[in-house]
Structure formats: C-alpha cells, structure tokens
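Starting off, we have a lone chain in the form predicted alone, written out as structure tokens.
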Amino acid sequence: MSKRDVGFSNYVREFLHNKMGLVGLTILIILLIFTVIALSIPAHVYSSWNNPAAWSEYPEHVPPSWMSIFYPNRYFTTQQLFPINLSLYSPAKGIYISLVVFSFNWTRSLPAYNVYFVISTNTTPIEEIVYWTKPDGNTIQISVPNEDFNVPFDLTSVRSNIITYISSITGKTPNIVNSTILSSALFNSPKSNLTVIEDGKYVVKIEIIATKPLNITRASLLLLGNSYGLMGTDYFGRPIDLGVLLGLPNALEIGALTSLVSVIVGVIVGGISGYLGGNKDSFIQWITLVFLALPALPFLVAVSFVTEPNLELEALLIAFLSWPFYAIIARSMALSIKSNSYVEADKLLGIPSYRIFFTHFMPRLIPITVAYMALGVPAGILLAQTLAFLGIAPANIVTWGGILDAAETYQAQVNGWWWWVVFPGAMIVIVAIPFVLIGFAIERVTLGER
C-alpha cells in the first residue's frame, strides 16, 4: 500500500480485494453462524454429554449415515415407527388393557442394530408383554420387567425371553449376549437357524395391563441402524457431529482470548524494548528469552494439575507463554522505525519519549498486531485441544481434544472407528484455516506483497 493510500477505509478496501483474505473471512463467517447455533442449544445437552445414559437410544460406534450411499447393502439409518393402531378395552371389572400395534416392512440384508420400545402411560401397569411376529407368522413373546414400565427399554432389558427363544431354535445358549445377537433373533429366520435375515412384514404388538383406566401418553418403536448422522457416533452412542458443534464456541473463545492477550502484551513489550535500546533493551530481551525457554506443554500440564481447570485461566496461561514470540517481532520492527529521521527529529525537538512512542511506533505496530492476532488464534486452539486430549480441560465443556482423548481410551483406531478420530481432528485444522488466511492477507495489505 502506498503512503497516499493509508487510512482505515483503505486498509479495509485493500483487504476485501485480497482473494485469500476474502476466502478466510467467508469461512470465518460460516464458523460464527455455527457458533451461534451451538450457543442456542439448551444447556442440559452440554451437561449430558458426559452422561452415557443420556445417549442410550442412539446406536453405538456406528459410521456416518452417508456411508449407506456408497454401501447400501451394508449400512442403513435408524427408523422411528409410530403405532398403526391403538385400542383400549376392559375385559373385566378393575382390569384395563391397552394394545399398541406397530407394523413395518424389513428388506435390509442385516438386522437392526438394536430395538428401543418407547411406551409411557398415565398409570403404572401391572404387566406389559411384547408380541414380535415375523413375516412367516412365528411370534416371540417377551415379558417386560417391572422396572422398565413407563421408561424406554431396549432388547438387552428383555434378554431372558430372547435368549430362551435362541436356545429353542439353535439348541445352544450364546456365549456373547449383546444387542446385535438379540436383534438377530428377532429379524433372522428360524428356518435358517437364525443365520439369514427374514424380509417382509413384521407386526409388533405391545399389550399393557393395568388396574386403572389407561391412557397412552407416548408410543414409538426405534429400529436402530448401523449408521447415524453426519459424523457417526462414539462408544456411548453420542453423535460426533453434535460433539463437534458443541466444541466450536469454546475453541474459538480460547483461541481468540489467547491470541488477543499474548499479541498485545508481546507487541507492547517488544515495541518498548526496541524503542528504549541499550541496557534496558538487553534486560527486557533477557526476560523475553527466559519466558521463551519455558517448555510450554509441561509447564501448562504442571500448572493445570494444581489449579482448577478453567477456560479463561487456561487461555491466560497459554498467553503467558506465547507473548515472547510477538515481542521479538515487535522489537525488530521498533528498531527499524527508530532509525527513521522523523523519530530523530522529534528527539532533537525535546518531545517526550512516551509521545514519540505513541505517535510514531504504535500506529505502525498496530496493523501488524492485528495480523498476528489472527495468526495466533490457531496456535491457541491447538494448545488448548492438546491439553484437553491429555485430560486437562474444564469438566463442564465439550472439547475436540476431549473427544479425541475418549477415542484413544476406547481404542477407536484399533477397532476401525475412524470417524471418531477424523472429524474432531479435521475440525481443529478447519478452524485454523480462516485465521491463517486472514492473517496473511492483513500482513500483505500492511507490508505489501512479499
């Protein structure tokens, strides 16, 4: 930018004409829109992230649903069914029966991952029975335990009846009992010894018996698929896309706060050091190098263990270790500005040093300060996510590093759950991109093409 073009409006105009800056700004606006969406999510969703029971109705460690586009015979998504018929009657005095009927056609080559029964009434039943009728007319009768009345329950809650059914067909009791084995018993044909899927029309009837007049307040059937959402689910069934979204606000907050504090402190200290020169400059540089020599990660880990994990404190600690980088750059620029004739002229005229500093140095340091603020955000985000990966993060927030830490704990790589690692890791890179582009664009506008 030429001298006649100086001015804030011209800086903005030059920046908007820079393709790199424009792309970075566009990505940043998109991220901010998603941040607003994340902040509008109710607080109880954030707090329930670390409660595995809250995600029991989601399929566990399944890949993204778009995998079914490429492998339609291997993956399918969850289906939620509602009753096709609901009848109430009283066969005797003081006995009330409600019959909830579901029906669906199953044409998949695999059984559902799990089945969730969601039935709630206005009173506590005395008995609840599920009749699962297959396309060939064979019916499995399942008694629901008392503790599952009026709460959603899955196949593992009613395993005893299903295991008995498996034993009656195969003559063996399965050594491993999980939702997949239990679901296979419901969907596979007994003629094939429960090894081949039975496609066709299924009818599920739920009979609820009570001693008081019944009113069904909630009724649905969840046939869990083996894929889910945009990014799949983790070991507990938590949607990865939701975790990535919940982690976005705090990632941007800690990155921006870290960069803001460290760049401001670094530029002021470095600028003063370069302006003063002599022994004072040497002393400030010695202090700067001492901070620069501190091993950042071990230092942060040690401090975090003796303090209560806190987002703002974590940002300040990272800024405490980051400012020397910017101080060295600012000192170099200050030494260059100091050699200009107008600075020497002001000194000869007896103008106070603080006025010279704020008149000639700070206006020339501020543009590059803004550039390095943008460039410093990714470093802050990366260091904060690294701490979260090591298990050092506030307990009440969701972090991408924390998601990666859980993936490592449950050996996602070994088990082939690649989506649990790829998407949170990719988000750390994606969030860094706009700040790098904007930082480089501001640097080009202020210093010219290099």
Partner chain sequence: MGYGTFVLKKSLIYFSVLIATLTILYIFTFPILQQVIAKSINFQVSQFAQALLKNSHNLNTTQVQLAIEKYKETLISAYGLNQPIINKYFIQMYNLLRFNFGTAYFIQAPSGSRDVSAIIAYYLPNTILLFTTATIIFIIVGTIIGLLSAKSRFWEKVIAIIAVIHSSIPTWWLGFVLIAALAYGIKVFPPGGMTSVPPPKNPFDYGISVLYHMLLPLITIFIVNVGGFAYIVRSLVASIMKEDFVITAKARGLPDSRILYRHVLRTASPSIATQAILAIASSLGGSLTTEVVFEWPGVGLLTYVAITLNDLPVILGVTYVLTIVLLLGLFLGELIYGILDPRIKVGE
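Numbering follows the first chain given and starts at 1. This structure is a prediction, so every number in the text was calculated from the model and none was measured.
Same protein, other form: the form predicted together with its partner chain, not shown, and the subject of what follows.
Quiz item: Closest heavy atom of A393 to its partner chain in the model of the complex, within 4.5 Å or not?
Solution: Residue-level check for A393: no, no contact with its partner chain.
Quiz item: in the model of the complex, does L22 have a heavy atom within 4.5 Å of its partner chain?
Solution: Judged by the heavy-atom cut-off of 4.5 Å, L22 is well away from its partner chain in the model of the complex.
Quiz item: Given that the partner is absent here, does A426 sit within 4.5 Å of its partner chain in the model of the complex, heavy atoms only?
Solution: Yes - in the model of the complex, heavy atoms of A426 and its partner chain come within 4.5 Å of each other.
Quiz item: Is there any non-hydrogen atom of A53 lying within 4.5 Å of its partner chain in the model of the complex?
Solution: Residue-level check for A53: no, no contact with its partner chain.
Self-check item: Sole residue of P363, P295, P213, P352 within 4.5 Å of its partner chain in the model of the complex, by heavy atom
Solution: Exactly one residue meets the criterion: P295.
Practice problem: Using heavy atoms only and a 4.5 Å cut-off, decide whether all three of L382, A407 and R444 touch its partner chain in the model of the complex. | Solution: Yes, because L382, A407 and R444 each have a heavy atom that approaches its partner chain to within 4.5 Å in the model of the complex.
Exercise. With its partner chain left out here, work out from 37-45, 415-423, 62-70, 23-31 which stretch has heavy atoms within 4.5 Å of it in the model of the complex.
Key: Every other range fails; the passing one is 415-423.
Quiz prompt | Contacts with its partner chain in the model of the complex, stretch 47-61 (heavy atom within 4.5 Å) | solution = Heavy-atom contacts to its partner chain in the model of the complex: nothing from 47-61.
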